[in-house]
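As structure tokens, one chain now follows by itself in the form predicted on its own.
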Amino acid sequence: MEEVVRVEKVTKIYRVGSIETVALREVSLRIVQGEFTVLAGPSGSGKTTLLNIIGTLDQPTSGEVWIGGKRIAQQSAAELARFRLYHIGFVFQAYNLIPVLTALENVTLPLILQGVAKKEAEQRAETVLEQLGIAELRAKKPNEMSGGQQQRVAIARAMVTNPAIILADEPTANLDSHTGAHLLDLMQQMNEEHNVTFLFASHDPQVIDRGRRLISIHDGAIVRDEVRSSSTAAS
């Protein structure tokens, strides 16, 4: 299987004055294409820090990260932004949709930033909206949608560029259990039907139950890395 992410002995230390906080302690892991993986742990365990480092939103104090075979080190902020645009999709608990844009425009935006012609970008965005069953939202702006609808548009935006991996930080945190379950159904469907690689950071039991691989983090270190059969992970 093609390697999507490799993390080697990553340590992250935050310093405020003379105070040091160790968020990650020599963490190593490897994720291959098509995985549906959950980073689980309590608040302060380091899971979001690790997700942000994999997503190049933060830099490790020491250690190395590779995404899609590319070593992420000593790149400028502009180079990292361009790398994220082409290789990484993000789904945040706050949705992060642009309020003045419609669903179609929000999903089209990453393609426009890549330089894709507007007509082609809109066609590709329409296709993803249809795949996720939300084509009827194409002309609506975020304030006209429910939280679950906004999150599904955010997933469409993350998927539209065909990234190497989609990183989801607590994607169900602002949703009720029914809406959260439906959202996970959609992501699981995209994973199974289109081989989309997902990496979640979550302490939500229903997200943890869906993971076919569960990586547990405590005090900045991986304490368990378990690959579960489809009969073990909830469907």
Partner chain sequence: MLVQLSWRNIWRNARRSAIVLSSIVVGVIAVMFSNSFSLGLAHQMLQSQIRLHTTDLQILHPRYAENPSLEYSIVQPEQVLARIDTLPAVAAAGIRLEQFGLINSALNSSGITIVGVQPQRERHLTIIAQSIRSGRYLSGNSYEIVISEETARKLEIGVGDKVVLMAADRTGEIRSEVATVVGIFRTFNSDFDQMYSFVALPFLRAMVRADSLATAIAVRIHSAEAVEEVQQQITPLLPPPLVVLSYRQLLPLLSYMIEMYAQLMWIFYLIVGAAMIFGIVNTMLMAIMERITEFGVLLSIGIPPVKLVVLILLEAAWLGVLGAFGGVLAGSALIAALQSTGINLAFFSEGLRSLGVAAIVYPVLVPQQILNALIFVPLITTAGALYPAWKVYRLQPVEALRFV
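Numbering follows the first chain given and starts at 1. For clarity, every value in this text was computed on a predicted model and none was experimentally measured.
Although it is not shown, the form predicted together with its partner chain is what the next lines describe.
At least one heavy atom of residue 58 is located within 4.5 Å of its partner chain in the predicted bound form. Contact between residue 84 and its partner chain in the predicted bound form is found at the 4.5 Å heavy atom cutoff. Though the partner is left out of this view, residue 110 does reach within 4.5 Å of its partner chain in the predicted bound form, counting heavy atoms only. Using a 4.5 angstroms limit between non-hydrogen atoms, residue 78 touches its partner chain in the predicted bound form. Judged by heavy atoms within 4.5 Å of its partner chain in the predicted bound form, the contact stretch among the candidates 177 to 185, 37 to 45, 195 to 203, 50 to 58 is 50 to 58. When contacts are defined as a non-hydrogen atom within 4.5 Å, all of 95, 99 and 141 contact its partner chain in the predicted bound form.
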